[in-house]
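Shown next as structure tokens: one chain only, the form predicted on its own.
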């Protein structure tokens, strides 16, 4: 079931298009002048080839109400999304900066990355899943989105990072991940219990100066950029461009990233992950041995 905010976003997007037409909700009669800055673009996703010429009509029907005719995130409905209340502003496609990528920080995402984002949608935002659209329709939309920024003509997509096999989520991995969460001061944004309420949380802004909330790991099983442990590993190593969440590719080793993944799973108290069960069992057998997160780390850590 889609979230209420997703349904609201779809409703306002469709309503905005009808209002833009004056009196009719018939999308085929709407005359919107798009401000694309490139020539025709393609998107290649698996065996699909998307074309911007076909994606234009889809964008007009489903996306322009929020993302705007210029792709700058200033559609008619954007005024209803208040970042101070947790409703992120629509993505600005003109700068070609994307949170969810398989590529290194600062590089363009692959066509597959954009396709996956369209398919998956974004939790805690008004961006819904677009699974009802066919795969080719989504590929066409990706191609059209690329027409809003010259970066797609001057730069190439980055090379997807390598993700090593995941080691077992043993208690040693979980405890080391907890140490890293403390040492790297992840708690200052995400909070000692991962609720997104750390001491720095209220001060955070995105690259456009809008307030942005750290992810709350205690609610739900989805992350911004996926659901699996591999998805979470990828976030650590690519960062979320346009947000305060950096890439840790040059800061931690791959095995340490997996340790962080395993610890963060223990913060998902609402779904009772296997990592949480392992952690609780250890804590029960070793009472008083863990120092609360958020206090000064002992010297030598």
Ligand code: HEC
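Numbering follows the first chain given and starts at 1. Computed from a predicted structure; not experimentally measured.
The next section is about a form of this same protein that is not shown, the form predicted together with the named molecule.
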query	finding
Whether 56, 110 and 161 all lie within 4.5 angstroms of the named molecule in the predicted bound form by heavy atom	no
Close approach of residue 82 to the named molecule in the predicted bound form, 4.5 Å, heavy atom	no
In the predicted bound form, residue 213 touching the named molecule (heavy atom, 4.5 Å)	yes
In the predicted bound form, residue 195 touching the named molecule (heavy atom, 4.5 Å)	no
Contact of residue 141 with the named molecule in the predicted bound form (heavy atom, 4.5 Å)	yes
Among the candidates 240, 41, 36, 45, the residue which, in the predicted bound form, approaches the named molecule to within 4.5 Å (heavy atoms)	240
The unique member of 175, 189, 169, 157 whose heavy atoms fall within 4.5 Å of the named molecule in the predicted bound form	189
Sequence-ordered residues of 220-244 touching the named molecule in the predicted bound form, heavy atom within 4.5 Å	223, 224, 225, 232, 235, 236, 240, 243, 244
